[in-house]
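First, one chain by itself in structure tokens, the form predicted on its own.
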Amino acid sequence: MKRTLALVLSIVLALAMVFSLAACGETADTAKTPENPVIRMSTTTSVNDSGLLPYLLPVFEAETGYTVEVQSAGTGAAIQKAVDGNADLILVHAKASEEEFIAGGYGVERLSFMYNYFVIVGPQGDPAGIADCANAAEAFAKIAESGSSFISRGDDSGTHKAELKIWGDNAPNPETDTWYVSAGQGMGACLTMASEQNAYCLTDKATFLAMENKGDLAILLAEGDDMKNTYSVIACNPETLDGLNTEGAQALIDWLLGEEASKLIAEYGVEEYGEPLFYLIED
């Protein structure tokens, strides 16, 4: 009788443990599946073409259960997607446009968290002689004076806005200055054009280093005071825009600004290129 009772108790305890473990597993699975699992990110091409987002996002997705849908375009187009209600957050690099986005009620807060540098690339022979210039403005003036070919993004991207700022009042007219090509293309396409046409081009350093077929292109001017390229992340404003995944956007922002992502960003590119492709903004 005692053995029978002990056996019954053992079976009851075993079943209790099974149900308990099943419940725990169910809770864990539920915790890993957000109510709205899709996050729409509208971003500039450089963080995508450089490989940074494809490197970071799988880690975030595996840890949180979210899926991030990345829409990559020039900063102007990336911001417009958010204004049109087609993004939950943006990651871009054009301060004035970002501030305008927030002032218009479309964004919540501009959070700058990393940077890299613009560089001027061109033929290794450097026909305009810009390698010894003190800054980008001087280099641009030499390119214009020599009439050397220059490929411009021409697409209202953050890189294009930075280029126009460097030109200042001396911006070329693509209709009359035949050496200046306004491509209306992304960074990768413009670098390919520059390689094929032995032309100069302003690019972010990360995208250039990640480019496989550089041809005769080389970095001729880098990391001047007027070449810093700051990236910011902004959650879209649910008070202005409908259908947002605000919780998901905030989860991604918190992760990007957190310790794990910071470590990954700081390490990205070091093994392959001997230097990081992006740098963290220290508080």
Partner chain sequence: MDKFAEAFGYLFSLDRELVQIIGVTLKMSFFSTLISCLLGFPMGAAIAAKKFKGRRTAKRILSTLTGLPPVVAGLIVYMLFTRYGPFGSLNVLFTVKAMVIAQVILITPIVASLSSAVIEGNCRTIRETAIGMGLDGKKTFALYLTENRTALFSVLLTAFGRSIAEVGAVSIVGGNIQWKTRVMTTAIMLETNKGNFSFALALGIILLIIALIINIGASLISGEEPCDD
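Positions refer to the first chain, counted from 1. Every value quoted in this text rests on a predicted model; they were computed, and no experiment measured them.
Not on display, but discussed next: the form predicted in complex with the partner chain.
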Which of 101 to 109, 162 to 170, 195 to 203, 127 to 135 lies within 4.5 Å of the partner chain in the model of the complex, heavy atoms considered? The stretch 195 to 203
Would E247 count as touching the partner chain in the model of the complex under a 4.5 Å heavy atom rule?
no
Is it the case that S97, even though its partner is missing from this view, gets within 4.5 Å of the partner chain in the model of the complex, heavy atoms only?
no
Taking 4.5 angstroms as the cut-off for heavy atoms, does G85 touch the partner chain in the model of the complex?
no
Hey, in the model of the complex, does E175 get a heavy atom within 4.5 angstroms of the partner chain?
yes
Please state whether every one of the three residues T33, G51 and E63 places a non-hydrogen atom within 4.5 angstroms of the partner chain in the model of the complex.
no
Contact check, 145 to 183 vs the partner chain in the model of the complex, heavy atom within 4.5 Å, ordered by sequence, gives G154, D155, D156, P174, E175, V181, S182, A183
